[in-house]
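Next up: a single chain in structure tokens, the form predicted on its own.
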Amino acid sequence: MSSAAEAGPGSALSGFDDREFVLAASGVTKSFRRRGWRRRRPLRVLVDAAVELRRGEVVGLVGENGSGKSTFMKILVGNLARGGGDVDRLGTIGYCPQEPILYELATPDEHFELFGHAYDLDVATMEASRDEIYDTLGFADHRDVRVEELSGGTRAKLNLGLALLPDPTVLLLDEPYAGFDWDTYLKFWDLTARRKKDGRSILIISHFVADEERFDRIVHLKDGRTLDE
């Protein structure tokens, strides 16, 4: 879902030109309690994670499975409390989680209508955005099919489409193209290029990057710490 947050005095963005930076996180930490009485020491997932995203920038966050990428993404979105550090966001955030959160008995059209209400979009705006998403990602022929009957690839398209619906300032995408075929993969990058040209920003997390030239920067996450390439 999309969310909005403004940077306040003394925040990580306070020294930045607010026309340029839309997301800034620094010194982010996160630990989880282990189960079992013998495991009293917390599991440290993030030790010193940071990322900055400028307007019109596409950034990749790369790390091995279990490196804490999804945990960091949830903290950036605001779905998970951080242990420490600073996170500031400007404008609206569209979030595409790694595992689609969809209603099995609802159709894509019903999902867009529901999310349109959640985003407080008027009907005309929602329908125009929905139809453009169908056309761009190529799944209009499944608009009236229940999610339980959709393929994994079409579910992935719907998952991305719901994040795109309100035309957010920033897109935070967690393994967004894992279920895409080659044609949809290329459509995804065409869409990304158009959003970049329009001044929108995108952060994509993945366990590897195949097309580095499509990114402005790559940030690596290892042992709970980030390092720019």
Ligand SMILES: Nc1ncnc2c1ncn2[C@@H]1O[C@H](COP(=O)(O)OP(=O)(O)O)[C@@H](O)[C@H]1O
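Each residue number is its position in the shown sequence, starting from 1. Here the structure is a predicted model, which is why all the values come from computation and not from measurement.
What follows is about the form predicted in complex with the ligand, which we do not show.
- prompt: Of the residues 190, 64, 181, 48, which one places a heavy atom within 4.5 Å of the ligand in the predicted complex?
  reply: It is 64.
message: Please identify the residue among 161, 68, 176, 168 with any heavy atom within 4.5 Å of the ligand in the predicted complex.
response: Looking at the other structure, the residue within range turns out to be 68.
- request: Decide whether residue 79 counts as a contact residue for the ligand in the predicted complex under a heavy atom distance cut-off of 4.5 Å.
  value: Residue-level check for residue 79: no, no contact with the ligand.
message: Does any part of residue 43 reach within 4.5 Å of the ligand in the predicted complex? Heavy atoms only, please.
response: Flag for residue 43 set to yes.
Close approach of residue 98 to the ligand in the predicted complex, 4.5 Å, heavy atom: The answer is yes: residue 98 has a heavy atom within 4.5 Å of the ligand.
- prompt: Do residue 185 and the ligand come within 4.5 Å of each other in the predicted complex, heavy atoms counted?
  reply: No.
- prompt: Only one of 69-77, 131-139, 146-154, 113-121 gets a heavy atom within 4.5 Å of the ligand in the predicted complex; which is it?
  reply: It is the stretch 69-77.
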